[in-house]
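Just the one chain here, laid out as structure tokens, in the form predicted alone.
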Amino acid sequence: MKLKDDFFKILNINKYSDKIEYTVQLDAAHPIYRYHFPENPVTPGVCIIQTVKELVAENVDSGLFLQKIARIRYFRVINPVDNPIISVSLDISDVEGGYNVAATVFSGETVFSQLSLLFIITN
């Protein structure tokens, strides 16, 4: 399921020498939040992973498959009403047949999650 331009929208991209930082807006009215959870919407972890995957794919211009989750740490939930705009910082490293990605999801000083993922190229 593709989330870009539906579940989230890219507002800004900053490219630095060692990382890429996206500012994205979450759609608090998206149907996912009606079920997760109606009175207190929380962004599902799998949606965070998929968002990172789609942002990485934008930079490498390749189809990707999540091969390995080396580490994920969730520090705080992302409520799209309280935090409709979040940032995703990506450090993408080439490896044979794919990419190692270190990602941080945050807003200001608040870190929501940190991920270390391995994606392989599918096309």
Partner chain sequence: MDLDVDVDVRELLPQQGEFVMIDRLRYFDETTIVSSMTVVGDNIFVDGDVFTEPGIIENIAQTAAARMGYIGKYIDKSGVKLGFIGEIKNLFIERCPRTGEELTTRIEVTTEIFSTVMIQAKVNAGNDLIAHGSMKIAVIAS
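Keep in mind the model is a prediction, meaning the values are calculated, not measured. Residue numbers count along the first chain shown, from 1.
This next part talks about the form predicted together with the partner chain, which is not shown.
For the three residues 49, 64 and 71, a heavy atom within 4.5 Å of the partner chain turns up in the predicted complex in every case. Contact annotation: residue 97 falls outside 4.5 Å of the partner chain in the predicted complex, judged by heavy atom distances. At the 4.5 Å threshold, heavy atoms of residue 57 stay clear of the partner chain in the predicted complex, well away from it. In the predicted complex, the partner chain lies farther than 4.5 Å from every heavy atom of residue 85.
In the predicted complex, at least one heavy atom of residue 42 sits within 4.5 Å of a heavy atom of the partner chain. Shown without its partner, the chain has 31, 32, 35, 36, 37, 38, 40 in segment 26-40 as residues with a non-hydrogen atom within 4.5 angstroms of the partner chain in the predicted complex.
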